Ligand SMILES: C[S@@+](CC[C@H](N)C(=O)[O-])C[C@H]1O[C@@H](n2cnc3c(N)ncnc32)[C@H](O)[C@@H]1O
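Only one chain is given next, in structure tokens, and it is the form predicted on its own.
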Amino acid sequence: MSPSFARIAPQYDALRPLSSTDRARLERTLADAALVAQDLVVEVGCGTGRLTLPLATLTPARVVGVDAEARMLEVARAKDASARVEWVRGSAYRLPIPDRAAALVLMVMVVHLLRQRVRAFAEARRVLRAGGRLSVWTFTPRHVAEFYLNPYFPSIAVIDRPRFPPAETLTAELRRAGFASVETEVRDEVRRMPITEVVDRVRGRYISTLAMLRPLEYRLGLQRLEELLAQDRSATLTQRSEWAIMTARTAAA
């Protein structure tokens, strides 16, 4: 993961709080998996546990959160008062999980951070048991093209276009990694965001792409947003998100 995740770890949850739609997607994923207490769920790229901890309250299964960034895991452990989750440092390319041990692997907003997607998908398949499933949540190319911050930071779309490939590309890569079947559901979400929230998020570089912009472009875009805030603190921006929710299954025994 990007080194910037260490910097933003303390305020990550404030910058990217878990939404009701995030929780609804998680509940549906777990319901479809039909897990029992003997099962293992692994979240790859768990970060501060913003999804992992709710996950652990929704399933009887054992839950392991894996992340490459030690500072993110420190924040996650501090929030896990009941020690319900096992937090482990590791890479998506080399998971600290035995072969065929997991019933479900989650990759939520991880795909765009992977330089070798097929390798990471193959590693997820390695740790999944027969009939296990990998759940991948990512944004679509349409989301990238219509991202609400594009007018302020034009390079975001240029940077993110290759990072968020079409579902057809990911499906082919998942099959190359050895998955027997892949299903995709596209889900659309729209919300109005207060300008105060937008400015706070951009100042905190709440998405990794903001840290990849040229410094001048970042400063000018932030300045425009701050000017909008100064002119009208009640202003809002419309954020439209289009998700690709992908379920890849291993072959049954």
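All values reported here derive from a predicted model rather than from experimental measurement. All residue numbers are counted from 1 along the displayed sequence.
Separately, the form predicted together with the ligand exists; it is not shown, and the next lines address it.
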Should Y148 be classed as touching the ligand in the predicted complex when contacts are defined as heavy atoms within 4.5 Å? no
Test of understanding: in the predicted complex, would V42 fall inside 4.5 Å of the ligand by heavy atoms? no
I'd like to check something about S91: if you look in the predicted complex, is any of its heavy atoms closer than or equal to 4.5 Å to a heavy atom of the ligand? yes
Taking the shortest heavy atom distance, is R25 within 4.5 Å of the ligand in the predicted complex? no
Considering the ligand in the predicted complex, find the one stretch among 209 to 217, 60 to 68, 189 to 197, 224 to 232 with heavy atoms no farther than 4.5 Å from it. 60 to 68
Assert contact residue (the ligand, in the predicted complex, non-hydrogen atom within 4.5 Å, options A103, V108, A167, V182) equals V108
Under the 4.5 Å heavy atom criterion, name the residues of 21 to 58 that approach the ligand in the predicted complex, in sequence order. E43, G45, C46, G47, R50, L51
